[in-house]
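The data below hold one chain only, encoded as structure tokens and taken in the form predicted on its own.
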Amino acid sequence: MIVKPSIRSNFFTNAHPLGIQKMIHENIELIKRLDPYEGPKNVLIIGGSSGYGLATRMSLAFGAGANTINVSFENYPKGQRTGSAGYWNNLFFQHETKQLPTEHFDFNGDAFSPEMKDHVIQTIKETFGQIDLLVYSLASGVRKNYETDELIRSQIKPLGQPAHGQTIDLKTLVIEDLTVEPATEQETQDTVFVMGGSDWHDWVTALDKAHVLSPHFKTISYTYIGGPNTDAIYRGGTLGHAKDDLEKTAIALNQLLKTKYQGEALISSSKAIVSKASVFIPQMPIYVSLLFDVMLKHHLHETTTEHKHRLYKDMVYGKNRLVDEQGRVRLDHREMQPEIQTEVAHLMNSFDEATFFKRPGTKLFVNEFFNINGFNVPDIDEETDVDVDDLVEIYQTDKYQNI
């Protein structure tokens, strides 16, 4: 099969396995060059197949020597379908860990389901006994309500009034206007249900009741705060309500864990990165591209892998934790420097489409979009036939299970 990028309405419908294999290998080699750290021994990651979650898993496994379990929902290859990028991320992560003395498991299925929670808990009991860290990094647009059997969908929308802005068409590389109408009250509630903190709370509760949490157990979830340049659609919209709920959940969990385990629950505010949702949020692609440009100029830019490695080495298990008045770990402090935000705002206010795609930050933003799906990866010939079935047969292991 010749695998070329298939983009429909700014969504990649396929992935290049060999490109992803190389990206996984290169990110792991990057971690090996960074300083190691003393961290957790047994880790459960909910949503560890891409983005922040994948970077976290690679750092903990190769930087701290941790055993890991990942739960994510990915599409397997079938016929002419390549399978999702996350499927290959998990598969090639498994392959890279064969050199390690640690154990790593992947469960493909609905992380929201009671069945998945029961299965993971049983695996923890049989393999590790207890876990030291739960990372909740789930990014899903839909969640089943198992009490009503209803599928609830999240909505990335502003509140009160429409959000007007621009986005990048990834297929044609042109700027397009984008308007998102305001959310209804029900849509806001649904977004909180899907993307808020209730499932994180459910996971901790289930693990606690099963007696698989170690003394000094920690759990962490990720938020994004941002500033005036992104506030209307992000923190001031439905996503902001979901993140508020997530942060309130951290406070409640922290009380439980501090009392019962001498542990803690943390919220970390991460930097803006390239994510699948970026192009569907008005002005977000413009902001992130120009942010990359400014941070590259000031030698402050980090890859997602470097960013998460610094979080665990310096702030979760190190002595350089930065927190704000609400107790949130501020890993985003470089992005949020006033001079950085001012410079980005100036570029956004004087936006020049003629030079936008020539900027290093824009080129990096677009290239990362392709890279996370295995495309535009150096030394990967996209004209070469790829035997997807053969790759599955070679790399699939019994530690990668479909639930």
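Note that residue numbering begins at 1 and tracks the sequence as displayed. None of these values were measured; they are calculated from a predicted model.
Heads up, the form predicted together with a small molecule isn't pictured, but that's what we're talking about next.
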Should K276 be classed as touching the small molecule in the predicted bound form when contacts are defined as heavy atoms within 4.5 Å? yes
S49: touches the small molecule in the predicted bound form, heavy atom cutoff 4.5 angstroms: yes
Is T249 one of the residues lying within 4.5 Å of the small molecule in the predicted bound form, judged by heavy atom distances? no
Interface membership of V71, the small molecule in the predicted bound form, 4.5 Å heavy atom rule: yes
Tell me, out of K117, K218, K243, H104, which residue has a non-hydrogen atom within 4.5 angstroms of the small molecule in the predicted bound form. K243
Using heavy atoms only and a 4.5 Å cut-off, determine which of L290, L253, V316, A111 is in contact with the small molecule in the predicted bound form. A111
Site check A139, M195 and S270: each within 4.5 Å of the small molecule in the predicted bound form by heavy atom: yes
Per contact check vs the small molecule in the predicted bound form (non-hydrogen atom within 4.5 angstroms), the hit among 72-80, 164-172, 293-301, 117-125 is 72-80
